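Only one chain is given next, in structure tokens, and it is the form predicted alone.
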């Protein structure tokens, strides 16, 4: 089934990547909003936002206007902005995540398992992204720290054109375990966004994570 979608931040790197993959899959972009302005050729069935936190108010206005689901991967959102998404989700379905990679979800599961079995080990997180990424530490690194349930140190690098590297280290006095995830292309995130669109189109309301997209049916 063809999905008519809209993009907030369509002229950005992720916006262009999303449009490319979605076109391959037979879906149609009918709405865009970014620093260039607004473009519309029809009413979207879902809004996808990979822009900046400053655009969130506009995103919410458009979601309310069209009364449609939202997929949002914007990083650097404040506590107040997350609360506004929770409020919006009482009326429409939302998938919110700082990382739409399947491999990262596996890293999170491995991290949770190690946390439970190595409670006394030292833990640190490192992350590297391209020079243009504005938030530091990354939203994904904060997701990892949230799984650990404590305020562990995060080391951040902004260099070159790295799409995203994240490593979790567990160490005792005699050994170290490290788990690393490397995104070699933004396409991996875009494929996750496509899965999220397919997931959210069948929902009426609620705030979901990418973990829900991948594993909700398996938990039932």
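Numbering follows the first chain given and starts at 1. Please read all numbers here as calculations on a predicted model, not as lab measurements.
Another form exists, predicted together with ligand NAD; not displayed. Remarks below refer to it.
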Can you work out which of 157, 30, 179, 52 has a heavy atom no more than 4.5 Å from ligand NAD in the predicted bound form? 52
For a quick test of understanding: in the predicted bound form, does each of 196, 199 and 216 have a heavy atom within 4.5 Å of ligand NAD? no
Please run the contact check for residue 11 against ligand NAD in the predicted bound form: heavy atoms, 4.5 angstroms, yes or no? yes
Within a 4.5 Å heavy atom cut-off, is residue 135 in contact with ligand NAD in the predicted bound form? yes
Would residue 189 show up as a contact with ligand NAD in the predicted bound form if we use heavy atoms at 4.5 Å? yes
My question is simply whether residue 165 lines the interface with ligand NAD in the predicted bound form - judged by any non-hydrogen atom within 4.5 Å. no
The chain here is shown without ligand NAD. Which stretch in 94-102, 145-153, 78-86, 119-127 comes within 4.5 angstroms of it in the predicted bound form, by heavy atom distance? 94-102
Residues within stretch 67-92 having a non-hydrogen atom within 4.5 Å of ligand NAD in the predicted bound form: 73, 74, 75
